[in-house]
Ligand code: IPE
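So this first bit is one chain, no partners, the form predicted on its own, shown in structure tokens.
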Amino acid sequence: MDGNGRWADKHGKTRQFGHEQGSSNVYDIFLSCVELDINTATFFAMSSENMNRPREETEFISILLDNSIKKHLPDLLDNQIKFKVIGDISHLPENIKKTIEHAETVTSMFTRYKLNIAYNYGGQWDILNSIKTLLDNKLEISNENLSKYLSTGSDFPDLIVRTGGYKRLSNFMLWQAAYSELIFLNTLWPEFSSKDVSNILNNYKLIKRKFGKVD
């Protein structure tokens, strides 16, 4: 979800305002996905590298995360949507960790729709964390086992969309993205809309995915 800061600059606003607009767009876009029967969506809110930004910015974004979870939890429950935060949240204040834990617990039984927020997430961290789990439990290091113990489990993205104009994954789901379709848009995240979701899905349906095989 790239482009919050540049969108704010474009409108003569503060970076905090840009992050507020970007945060408010997440659940609307997720509902657009649900309406199109996309059952799992992961929103890359903060990368491991983003945590090196000024402390006031990272703290502000963590508060936005906390507020957003509290705001949308009743709707998650009503619509039976499973919620999860993937990434290293160990540094977060205890009250925010409790908010995340509560939301994950009370939605854990739902299976049809899944909303993931990647916060302080990195694909390299995810792979190393999975390998460490395998070694600690004396399990065979194989493709299947490594995939199983990633933060996403067996959910691998069919499609990855990056807004904001840059054409790189920036450490997002490096293992999981091996055969994902990639789309890079110049649109800044706060301007990304349900119409964009619909257009992307319509174009995705035209792609013949062969996974290295022949017809």
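These numbers were taken from a predicted model, which means no experiment stands behind them. When you see a residue number, it is the position in the sequence shown, counting from 1.
Separately, the form predicted together with this ligand exists; it is not shown, and the next lines address it.
**Student:** Within 4.5 angstroms, counting heavy atoms, which one of the listed stretches 149 to 157, 39 to 47, 24 to 32, 170 to 178 is next to this ligand in the model of the complex?
**Tutor:** Result for this chain: 39 to 47.
**Student:** In the model of the complex, does D66 come within 4.5 Å of this ligand, counting heavy atoms only?
**Tutor:** Flag for D66 set to no.
**Student:** Should V161 be classed as touching this ligand in the model of the complex when contacts are defined as heavy atoms within 4.5 Å?
**Tutor:** Flag for V161 set to no.
**Student:** Indicate whether this ligand has at least one heavy atom within 4.5 Å of a heavy atom of R53 in the model of the complex.
**Tutor:** R53 belongs to the contact set for this ligand.
**Student:** Do K13 and this ligand share at least one heavy atom pair within 4.5 Å in the model of the complex?
**Tutor:** Judged by the heavy-atom cut-off of 4.5 Å, K13 is well away from this ligand in the model of the complex.
**Student:** Pull the contact list for 1 to 16: residues with a heavy atom within 4.5 Å of this ligand in the model of the complex, in sequence order.
**Tutor:** Counting only heavy atoms within 4.5 Å of this ligand in the model of the complex, the contacting residues of 1 to 16 are M1, D2, G3, N4, G5, R6, R15.
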